[in-house]
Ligand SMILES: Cc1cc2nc3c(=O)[nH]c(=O)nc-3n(C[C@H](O)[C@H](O)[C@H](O)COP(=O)(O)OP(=O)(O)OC[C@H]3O[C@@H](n4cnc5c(N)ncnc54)[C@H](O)[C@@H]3O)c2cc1C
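Just the one chain here, the form predicted alone, laid out as structure tokens.
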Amino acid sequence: MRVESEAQLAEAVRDAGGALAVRGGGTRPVGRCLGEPLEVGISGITLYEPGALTLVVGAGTPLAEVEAAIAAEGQRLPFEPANWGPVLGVRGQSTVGGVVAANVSGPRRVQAGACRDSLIGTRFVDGRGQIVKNGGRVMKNVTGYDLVKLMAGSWGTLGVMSEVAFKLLPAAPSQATVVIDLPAGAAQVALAAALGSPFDVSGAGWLPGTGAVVRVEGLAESVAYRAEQLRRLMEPFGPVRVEEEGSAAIWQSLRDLEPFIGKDGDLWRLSVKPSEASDLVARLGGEVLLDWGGGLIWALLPEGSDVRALASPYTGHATCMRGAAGVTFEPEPAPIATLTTALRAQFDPKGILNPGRMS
């Protein structure tokens, strides 16, 4: 079943006789998707004011279409969303609603925040088939931040989004990447030093085959100065160089997990305290990729690996993005599980929206 308007979406949910498996472009098949497929095709940019740095768009709009439109005005989504489709082995076009539902946030999160931090408004249909509006279309009219942010990362279990509004940022005219020749297990200390510097780092990670990488963006003269200062700061950690022409390709590879595309194994995503990254890398083994200064670890391991057992103890959560794990998402502590159950009962009393998705 495909819907192409908010009214159709509300009717479809209201008249549903059972569970609905909500999808956009189908590029994030994480967790169990039970029920009749409900494809959200509400597409198109409904309001774009470059001067106000705000954008309102249908939830089913392809992400590539949005990025092309705002790039033409010299702007970008602050949170640098990733395209997980290729690494998860699926085809399709990532949609804006899917990005918000999964709170997809790329390397620039360390500087600009997560997807939810750029979200200023949303419209969605709850489990009763009622249309709910929260937040605003421009920054001065924004209210209800908490509910807007609640939808980000809910994986379609609280409501089916029909429209989202973002604040944008000007695109940086120049960038450079400082590359440090370090193994993954030794990278976090160097990344922490870079992030703690005054040089406004917009990305800090570790990429297989490349090493530890630190990005700066902005005006050309500023980028050149900050990259040189970071190069000097990183010298005690290992051989270091500054990459300019190849900088964008490095971060696309890290953001979209290109080193793992086409490789067999289970793919896990661990969001943890950065200070735990070195020990976790040692315990996990396998192939890893680091982002957010070590706060995000992607691990490619043999099929059937019990990553939570291998990684324990750790502070954070581990999600099986691709594989046959019995429990895809990190089990919630009892107090949080109680809150989650109460929220779902309020937004989706019949329990029809993506049941089983978060388990």
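We number the residues from 1 along the sequence you see. As the structure is a prediction and not an experimental result, all values here were calculated from the model.
The same protein also has a form predicted together with this ligand, omitted here; what follows describes it.
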Is it open or blocked here: this ligand placed from its pose in the predicted complex by C-alpha superposition, 2.4 Å cut-off to backbone or C-beta atoms, 3 or more ligand atoms needed to block?
blocked
Segment that reaches this ligand in the predicted complex - one of 25-33, 309-317, 290-298, 48-56, heavy atoms within 4.5 Å:
25-33
Would residue 102 show up as a contact with this ligand in the predicted complex if we use heavy atoms at 4.5 Å?
yes
Does residue 94 make contact with this ligand in the predicted complex, using a 4.5 Å heavy atom cut-off?
yes
Examine residue 330 and determine whether its closest non-hydrogen atom to this ligand in the predicted complex is within 4.5 angstroms.
no
Within a 4.5 Å heavy atom cut-off, is residue 277 in contact with this ligand in the predicted complex?
no
Just to confirm, with a 4.5 Å cut-off on non-hydrogen atoms, which of 121, 106, 156, 205 contacts this ligand in the predicted complex?
156
Listed residue (169, 90, 224, 189) with a non-hydrogen atom within 4.5 angstroms of this ligand in the predicted complex
90
Could you list which residues of 162-182 come within 4.5 Å of this ligand in the predicted complex, counting heavy atoms only?
none
